[in-house]
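A single chain comes next, written as structure tokens; it is the form predicted alone.
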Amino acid sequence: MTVSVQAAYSLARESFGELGVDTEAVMAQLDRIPISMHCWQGDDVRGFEDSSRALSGGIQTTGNYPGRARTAAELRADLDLAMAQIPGAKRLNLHAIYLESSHKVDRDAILPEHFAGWVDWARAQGVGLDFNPSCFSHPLAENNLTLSHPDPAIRQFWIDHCKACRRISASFGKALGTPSVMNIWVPDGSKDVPVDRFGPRQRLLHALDDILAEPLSREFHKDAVEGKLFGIGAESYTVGSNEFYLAYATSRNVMLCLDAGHFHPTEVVSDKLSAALCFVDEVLLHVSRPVRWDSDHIVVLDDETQAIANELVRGGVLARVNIGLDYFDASINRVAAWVIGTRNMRKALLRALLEPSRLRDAELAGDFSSRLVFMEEHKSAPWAAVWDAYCERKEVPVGSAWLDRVKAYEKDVLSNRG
């Protein structure tokens, strides 16, 4: 550890120690919390099935920064660089459209072998893989209807796709020794006010039951379902609403996915965690940054990101929550976007773990004046010195020094992609 970082950390360790916080124990715990990075930041959600196909399902990427990954090899190289700048345990979250095949394979026919390259890469990196069906950007999803489609043949296509994805997810868990979390999200909804709200939801309910009918060991695979308030092209009615999926998750004993951008702007996921975890065993988090709507901005160390981390630590539910990221920004260097967002999520976890017990003690004693004082004082506690020490110990750059590596990679590699 460099002299300056060591000196600052020694002072911070003493300061936190006076409050009963063991910074060494905190860093050890922080190191074990995995964050699932999302593959789609690196290529603007295009995948490798058909890169010429336009995005649909309410998904939009803005910007045209040079260097988008065009192949799985390029995407993995970008991820290698990004992960090398990020301390702590990591996973990778894949979508079905990131398959690798020498010939066209439609989505209802994908197999574990189409993701063998990703499994080999994950094993070499020492990371787990998570998975998602891709129920968008496809000719059979053009009307924002998939699992709730009134045409039985189209609906069956998407059911079969999700069934295939579950088997692939389980194969990841078996191969890598860590369960794969598979999240089901569909864009189904209506741009204008529908006449029938019940029919699509009943069809979605039955489709999900069909998908989940095959028993798969939770040792290898975990199912999650994700709701949404609205989407582009589904502004008036979302079939898989948050209420629908909360009820579904509790009644079917599957994980509930809470996405920070999928609620009304006055709602926050940090407040929903303690409510949902009273009724579901596990939650999947998609940490994002909505700017007035589900705009999937890069995660920053803002109040809500910190509040989410605080809830996980204060509630003692870290073991019951799977932390994933979900954003895509093509207006800046895509590798930098990964590093910024993932480091910020881990910083928030560190700050939460460093919180002294005196906050809770004051609250339990009914001393709300002291609680507020301690909360505000903690905001300026020397957590950054602990973060720097943690980064050095994990052999990743301190501060913004990682940007030099990313800029050099941009010059040598990304700029040559055309």
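Note that residue numbering follows the sequence shown and begins at 1. Note that the structure is a prediction, hence the values are computed from the model and not measured.
The same protein also exists as the form predicted together with a small molecule; that form is not shown, yet it is the one meant from here on.
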* To do: Can you check 83-91, 311-319, 203-211, 224-232 and let me know which stretch has heavy atoms within 4.5 Å of the small molecule in the predicted complex?
  => 224-232
* To do: Could you confirm whether R76 comes within 4.5 Å of the small molecule in the predicted complex, counting heavy atoms only?
  => no
* To do: Report yes if any heavy atom of W185 sits within 4.5 Å of a heavy atom of the small molecule in the predicted complex; otherwise report no.
  => yes
* in the predicted complex, does F328 have a heavy atom within 4.5 Å of the small molecule? -> yes
* Asked: At the 4.5 Å heavy atom threshold, is L30 in contact with the small molecule in the predicted complex?
  -> no
* Within 4.5 Å of the small molecule in the predicted complex, do D22, K347 and A384 each have at least one heavy atom? -> no
* Asked: Exactly one of I59, A389, V26, I35 has a non-hydrogen atom within 4.5 Å of the small molecule in the predicted complex; which residue is it?
  -> I59
